[in-house]
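Only one chain comes next, encoded as structure tokens, the form predicted alone.
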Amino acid sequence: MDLIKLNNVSYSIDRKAILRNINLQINRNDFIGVIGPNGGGKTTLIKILLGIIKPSEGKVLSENGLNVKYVPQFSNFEKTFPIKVIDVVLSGLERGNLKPFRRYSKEEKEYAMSLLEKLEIGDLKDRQIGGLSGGQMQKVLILRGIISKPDLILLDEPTASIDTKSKNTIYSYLKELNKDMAIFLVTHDMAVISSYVKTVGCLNIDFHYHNDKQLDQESLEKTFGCPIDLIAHGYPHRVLPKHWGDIE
């Protein structure tokens, strides 16, 4: 059964198209990866899926009572806010307005602790978030997103600029979580697309959706406007011609 369905969704600002005729269905246990250039509409699509903005045209249909969570890039999170790691994770249990003085139950705290240990950061539970590395912070934000056991989690470049070990730990855990929730991932990492997601879409105002994770050169060139290396199991498997004017 589909969780969210977009029917001919378009979004424009001052008559400039940001998204055009997007058709997308997100089902339970989907793991969808979306790639595309900067300014191609990926963040706008996430905002529409979250219900933050309404489309200019088309319809967004969703299951009643759908629990959707969003994980931003760690660079967009206010790291100077005085709060401990475990409290950031627990705050993900709130729906609607955050209640800063709520007392969490023993069971909720134990569950939060088990999640921290799952991603090998249990020893950081009492550390202020300002003292975390990028990889540690991203793990905390992901746990904050999944602690309420959502139906769907949306991730925006969750492993940008973090070390390979942390990246592998995060994606292995997301793959495990995918048994119980749908995942919608925006990324520039082609190795992630080939290794972890189930299906992939290319977005640059228009949306080219593949019902598997195999990318063809034509869709990539339409999306990015130029040749791009295809990746298979983390390694390029096609050598593309240089751009006109490239320096040797």
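From 1 onward, residues are counted along the sequence shown. Bear in mind that the values here come from a model prediction, so they are computed numbers and not experimental data.
One more form of this protein should be noted, the form predicted in complex with a small molecule, which is absent from this view; the next part is about it.
Stretch 36 to 44 is the answer when you ask which of 23 to 31, 55 to 63, 36 to 44, 190 to 198 has residues with heavy atoms within 4.5 Å of the small molecule in the predicted bound form.
Contact check for V9: every heavy atom lies farther than 4.5 Å from the small molecule in the predicted bound form. The small molecule is not shown here, and in the predicted bound form it never comes within 4.5 Å of any heavy atom of T169.
In the predicted bound form, the small molecule lies farther than 4.5 Å from every heavy atom of D151. Within 4.5 Å of any heavy atom of the small molecule in the predicted bound form lies no heavy atom of Q136.
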